[in-house]
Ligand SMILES: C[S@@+](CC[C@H](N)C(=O)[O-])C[C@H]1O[C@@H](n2cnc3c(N)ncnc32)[C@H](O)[C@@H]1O
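The chain that follows stands alone, in the form predicted alone, written as structure tokens.
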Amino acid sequence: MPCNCCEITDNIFDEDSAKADIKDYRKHGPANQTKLILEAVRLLNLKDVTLLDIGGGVGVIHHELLKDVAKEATHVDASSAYLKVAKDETEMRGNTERVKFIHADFTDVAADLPQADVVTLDRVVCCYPHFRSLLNNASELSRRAIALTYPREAWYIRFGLGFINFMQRLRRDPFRVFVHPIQEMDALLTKQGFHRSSMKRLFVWEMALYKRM
């Protein structure tokens, strides 16, 4: 479902970056912050779950969780290039019938999506200016758990992302990255009936797992 967000995302997350990411995944496995999500989901000790991966990129999360946790997955992404690479990798792994791919800004199609047991958002919150809408929609679609990664609220992160946004403005590119208030995100998900059951930090990223109460 093409949208303005999709056009912006396609300009940033293009074919070259998608090919580079899938090559890196095949060679080195999941990125460190993605590993934290995978570990947290596996520690839930669930089997045969349905998975909704928002902003799934090249599909690393569902490629991994279809091995042992998930029975099927829905992959929503605003980048057509990343979606194509994810589809090709899914076919190569023999999982085509187990994954549904949707090209869209998640918030545009959330009302049409079925609930899933587990919802994941790996490095997605930082790409949305309106994080409340994103997380409200994600929480409404999660029956059991939400796992997400987002930038830490550290001075060096704010400085780095501020520089990136400055360069984006110079290039007249509308894409921006954000450091959203973690306390507000936590309060929103708590209000939606979740509690944070685990949290881990890397130098840049923080991972939080929320379980429905």
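Just count from 1 along the sequence shown to find any residue number. Worth saying up front: this structure is predicted, and the values here are computed from it rather than measured.
Omitted from view is the form predicted in complex with the named molecule, to which the following refers.
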Under a 4.5 angstroms heavy atom criterion, identify the one residue in Val124, Val99, Val85, Ala138 near the named molecule in the predicted complex. Val124
Partner-contacting position among Thr90, Ser142, Ser79, Thr74 - heavy atom within 4.5 Å of the named molecule in the predicted complex: Ser79
Given that the partner is absent here, state which listed stretch (178-186, 65-73, 156-164, 51-59) has heavy atoms within 4.5 Å of the named molecule in the predicted complex. 51-59
Please determine whether Phe194 contacts the named molecule in the predicted complex, using a 4.5 Å cut-off between heavy atoms. no
Looking at the partner-bound form in the predicted complex, is Ala116 within 4.5 Å of the named molecule by any heavy atom? no
I'd like to check something about Ala104: if you look in the predicted complex, is any of its heavy atoms closer than or equal to 4.5 Å to a heavy atom of the named molecule? yes
